[in-house]
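The form predicted on its own is given below as one chain in structure tokens.
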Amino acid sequence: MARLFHVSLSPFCRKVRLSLAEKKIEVELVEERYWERDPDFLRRNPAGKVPVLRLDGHTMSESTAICEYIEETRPEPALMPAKPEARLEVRRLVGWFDDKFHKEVTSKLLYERVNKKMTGQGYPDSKNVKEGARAIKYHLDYMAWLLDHRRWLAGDQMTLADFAAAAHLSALDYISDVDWNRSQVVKDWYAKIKSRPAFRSILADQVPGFRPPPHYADLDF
């Protein structure tokens, strides 16, 4: 069985978990306190980051590289389109969420509210929280613009781009930092992806010291 060293609310770990679940790959989840710099974990990934996946006799790190390995070795159901230009758009959007969205939103909301407490780094920086709360509005509007022109974020089929976005938004939703009333089309998109069987284990996550809002696991929110 595959083994994933992860943190429950890490969007990068969630993206890998969604890919594994969509491909119906059984995986053992191992919570990893990466901030403690355990020597065994550092041997698995000298960068000291999660996720780390053991699969097919390999130990892998970096979430996008892991997801693309899974896609190449288990091509069905497809999370990358066939045409090169369509694959380019998926990769662009995965980069958008894992880089720009992460820097402007996730790191300023989730990391300030949750990660600092978990890792013993003190209290949230109110300036960062305010910046993140402003920035997420822009990103939700951009998603709404994409979804006004497409069935899914990158085109007519669900792809890794949708999982990357949903991974970040689901983690933020756990701490009630997403205004789902800002865009009906984004809310509908999230309800659609949230209802997939691949999402079940994520919706069952319980993080000690943090309780999700009542709508978090509600498929009809």
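This structure is a prediction, so every number in the text was calculated from the model and none was measured. Numbers follow the displayed sequence, beginning with 1.
Quick note: we don't show the form predicted in complex with a further copy of the same chain, though the next part is all about it.
Although the partner is absent from this view, M60 contacts a further copy of the same chain in the predicted complex, with a non-hydrogen atom inside 4.5 angstroms.
Within 4.5 Å of some heavy atom of a further copy of the same chain in the predicted complex lies at least one heavy atom of L88. By the criterion of a heavy atom within 4.5 Å, D148 is excluded from the residues contacting a further copy of the same chain in the predicted complex. Proximity of D188 to a further copy of the same chain in the predicted complex: non-hydrogen atoms within 4.5 Å are absent; the residue sits far from the partner. This chain is displayed alone, yet in the predicted complex one of M158, I66, V178, V27 has a heavy atom within 4.5 Å of a further copy of the same chain; that residue is I66. A heavy atom within 4.5 Å of a further copy of the same chain in the predicted complex is found for one listed residue only; from K100, K116, K130, K137, this is K100. This chain is displayed without a further copy of the same chain, yet in the predicted complex the stretch 39 to 47 from 180 to 188, 162 to 170, 148 to 156, 39 to 47 comes within 4.5 Å of it by heavy atoms. Against a further copy of the same chain in the predicted complex, the set K192, Q206 and P214 makes no contact: no member has a heavy atom within 4.5 Å.
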